[in-house]
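Shown here is one chain on its own, the form predicted alone, set out as structure tokens.
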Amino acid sequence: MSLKVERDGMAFTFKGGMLPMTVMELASADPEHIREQLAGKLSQSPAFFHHTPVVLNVEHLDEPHLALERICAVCRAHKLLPVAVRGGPDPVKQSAWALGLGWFPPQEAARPRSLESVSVNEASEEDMLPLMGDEPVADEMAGGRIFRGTVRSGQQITSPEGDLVVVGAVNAGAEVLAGGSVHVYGPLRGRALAGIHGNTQAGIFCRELRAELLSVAGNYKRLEDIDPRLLGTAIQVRLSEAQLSITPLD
């Protein structure tokens, strides 16, 4: 039998791959506590909570009988989709499998940075890139922020009150948010949310569009909704008649 015939008869093939995934690191096992915090974050960046797959990291919890089903229900009520659990004793593993979730063993190596608001002043030197030959710096401008460096997967950089300027790349699985506009002087592969408090005059500007999600004042588009001809180009994103408009940046 030829290789072509064998392939034609296949229903699927397994392939190794690495997909960007948001990790929700639990510091509390109380579903109501988790619900309260999720509600606050939903009001801050609603587009992020639109069917985003998450891995629940329970490594820091000492709860052999974790209320995993209730925690998953809270996540789904806020439009997060739990797909797997990391860590926890055997009862937690068995609960994850019973709920149709995957399970990962505890991460022994250095853990990814928390998907929380990371102040630019907390960014390490290795995350920074020099600009015009200067030493790496993270600056706060009036009402906004400048971040010089790569925003790495699992990292979130915010400027709640003004514009956010990123002099560098935004990797897949990373997120940048601003009360004003978002400017990315490099490839934008992660999620960018501008006007997070409802500023309809805000916009998103980047040199190379590869974004997983773009949002202005709660109106969003995902990668599959973006015109393929715009991918890899410099663009600007604005609201026009309550619709997200993505046009070339001339």
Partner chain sequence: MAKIIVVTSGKGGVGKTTSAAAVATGLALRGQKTVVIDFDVGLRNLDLVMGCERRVVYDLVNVIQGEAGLNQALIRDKRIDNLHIMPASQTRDKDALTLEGVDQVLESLSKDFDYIICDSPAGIERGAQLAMYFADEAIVVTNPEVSSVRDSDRILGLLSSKTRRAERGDDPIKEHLLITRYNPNRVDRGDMLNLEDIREILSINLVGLIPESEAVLRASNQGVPVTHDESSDAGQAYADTVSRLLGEEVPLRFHEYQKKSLLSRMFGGGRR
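Numbering follows the first chain given and starts at 1. Bear in mind that the values here come from a model prediction, so they are computed numbers and not experimental data.
One more form of this protein, predicted together with its partner chain, exists but is not displayed; see below.
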Exactly one listed stretch (175-183, 95-103, 151-159, 80-88) reaches within 4.5 angstroms of its partner chain in the predicted bound form by non-hydrogen atoms, and it is 151-159
In the predicted bound form, E59 touching its partner chain (heavy atom, 4.5 Å):
no
* Asked: Can E212 be called a contact residue for its partner chain in the predicted bound form at 4.5 Å between heavy atoms?
  -> yes
(request) Please run the contact check for P187 against its partner chain in the predicted bound form: heavy atoms, 4.5 angstroms, yes or no? (result) yes
